[in-house]
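Heads up, the chain below is alone and in the form predicted on its own; it's given as structure tokens.
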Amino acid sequence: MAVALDPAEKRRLFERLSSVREIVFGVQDGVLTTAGVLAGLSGAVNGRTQIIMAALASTAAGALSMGAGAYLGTRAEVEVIRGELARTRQEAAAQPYVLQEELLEKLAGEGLTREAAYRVVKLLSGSPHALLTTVEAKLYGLGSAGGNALLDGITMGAAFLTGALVPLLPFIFIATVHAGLIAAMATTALTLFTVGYFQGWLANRERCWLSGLRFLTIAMSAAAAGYLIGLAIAPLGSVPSL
């Protein structure tokens, strides 16, 4: 029989799982972006070295951009939530009865009898802090604004870099552009399917392979689009400058 985690350990588990968003998004974007660059340039230019250098530049810029974006996004979210919580607490201090009534209606709507909901609200009202935190969680869906902006930025940047290396490494170590592109697309497809499958497994889905297929479809569609765009713009490279 499985032993349930204690509340403190459960909380730490949920905090770790919150990084899944950055990891999945970063890996997915890194793989797709780099695969798209390789596919697009392979259709547009013939120089293998040019393609690799462009992909490396794209990888570096993408990792820095994604890391900075995740950092700034998390920081902005935390600051906005903290500001809203401060305003809510000011309103609660001025009109506590309004929150009490709203919480009573919420609890009654969730199945408690009105008498039981009233007793719960009355009990919580004995501690303004307990009442306020319950209202924030039940009515507004807000918890403590404890997002770690620096950790999110590092996680996102590292995940993007890891994903970018998946199609890039086989392309670098295989001598011809055509064979390298095939290997890059194969590793891209396998990686995206694996990430999608893993996400489905974490979400306890019965058919994890469907999640994997969704990632795979996106990867192949993006790569095909990038290659076709490269073929379309290839003639522009031969147009003489004025």
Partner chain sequence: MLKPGDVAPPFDLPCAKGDRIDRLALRQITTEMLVLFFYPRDFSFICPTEVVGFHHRIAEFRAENTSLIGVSVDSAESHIRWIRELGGIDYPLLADERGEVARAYGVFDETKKVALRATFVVDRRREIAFAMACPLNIGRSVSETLRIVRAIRTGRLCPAEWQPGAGFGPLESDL
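Not measured: the values here are computed from a predicted model. Positions refer to the first chain, counted from 1.
Beyond the structure shown, there is the form predicted in complex with its partner chain, which is absent from this document and is the topic of what follows.
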Tell me, yes or no, whether Gln100 is in contact with its partner chain in the predicted complex, where a contact means a heavy atom of each within 4.5 Å.
yes
Answer for Ala159 alone: is it within 4.5 Å of its partner chain in the predicted complex, judged on heavy atom distances?
no
If we define contact as a non-hydrogen atom of the residue within 4.5 angstroms of the partner, is Leu104 a contact of its partner chain in the predicted complex?
yes
Taking heavy atoms and a 4.5 Å cut-off, does Glu110 contact its partner chain in the predicted complex?
no
Would its partner chain in the predicted complex be within 4.5 angstroms of a non-hydrogen atom of every residue among Tyr71, Arg75 and Glu77?
no
The listed residue (Arg119, Lys138, Arg82, Arg89) that reaches within 4.5 Å of its partner chain in the predicted complex by any heavy atom is Arg119
